[in-house]
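Okay, here we've got a single chain as structure tokens, the form predicted alone, with questions on binding and movement later.
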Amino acid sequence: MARPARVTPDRILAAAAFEFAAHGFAGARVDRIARRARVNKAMLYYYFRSKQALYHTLLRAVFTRAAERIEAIASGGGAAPDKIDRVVSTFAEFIRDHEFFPAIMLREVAEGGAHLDRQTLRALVSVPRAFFAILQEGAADGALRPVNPLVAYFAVLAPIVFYLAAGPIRREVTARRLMNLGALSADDFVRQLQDAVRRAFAQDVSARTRP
């Protein structure tokens, strides 16, 4: 007789990610999460005392992992423009690795962050904070022009989130021959966004040399 799969918090979190992305916080059901994770509700509540605790744990883990990747770029070697390139590709890779994330966050944006507590928000802001450090470094050494860091952050992140989140719509539009939205691959999108961001943030050397 086959032994049951070992229960781990990560397995429950993976099931929760699917459920929250599909139904939002309000529509998510603990019994569906338990079934997908192949655990009983008592075991789920053993690891996570409530649906809210499960949701917060999931988001904090995602924000923390994202921040760690951006912090590694910020503290690593290379010029600031090259670091910005790596941030763009890292954001895209991260969101592709966490396909549930755009749906959850777009719901939270639409609902005004109603389900984000202080600790989860603290984890969230660690991501832009790491990005801001790269902008400050680049502005200080003259490699990047001074820009509002929040505007810069959303100029990088928002196109990636919406492009990847809208994948099913692009495929449907293309399949119905309404418009060919399949010609641009995700990799091409990232490369063109890197080029656009680099141009937008680049220091205007000519302006500094004008009389």
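Bear in mind the structure is a predicted one, so any value in this text is a computation, not a measurement. Numbers follow the displayed sequence, beginning with 1. Take the two forms, find the largest set of C-alpha atoms that superpose within 1.5 Å, and that set is the rigid core.
Same protein, other form: the form predicted in complex with another copy of the chain, not shown, and the subject of what follows.
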Which of these residues, A155, A61, A143, V30, gets a heavy atom within 4.5 Å of another copy of the chain in the model of the complex? A155
Flag this candidate site as yes only if F132, A165 and L184 all have a heavy atom within 4.5 Å of another copy of the chain in the model of the complex; otherwise mark no. yes
If you check in the model of the complex, is L193 within 4.5 Å of another copy of the chain, heavy atoms only? yes
If you check in the model of the complex, is E68 within 4.5 Å of another copy of the chain, heavy atoms only? no
Contact between R170 and another copy of the chain in the model of the complex at 4.5 Å, heavy atoms? yes
Should Q52 be classed as touching another copy of the chain in the model of the complex when contacts are defined as heavy atoms within 4.5 Å? no
Tell me, please, whether between the shown form and the other one the C-alpha of A72 is shifted by 2 Å or more, with the rigid core used for superposition. no
Superposed on the rigid core, does the Cα of S89 end up 2 angstroms or more away between the shown form and the other one? no
Taking the rigid core as the reference frame, is the Cα of E137 displaced by 2 Å or more between the shown form and the other one? no
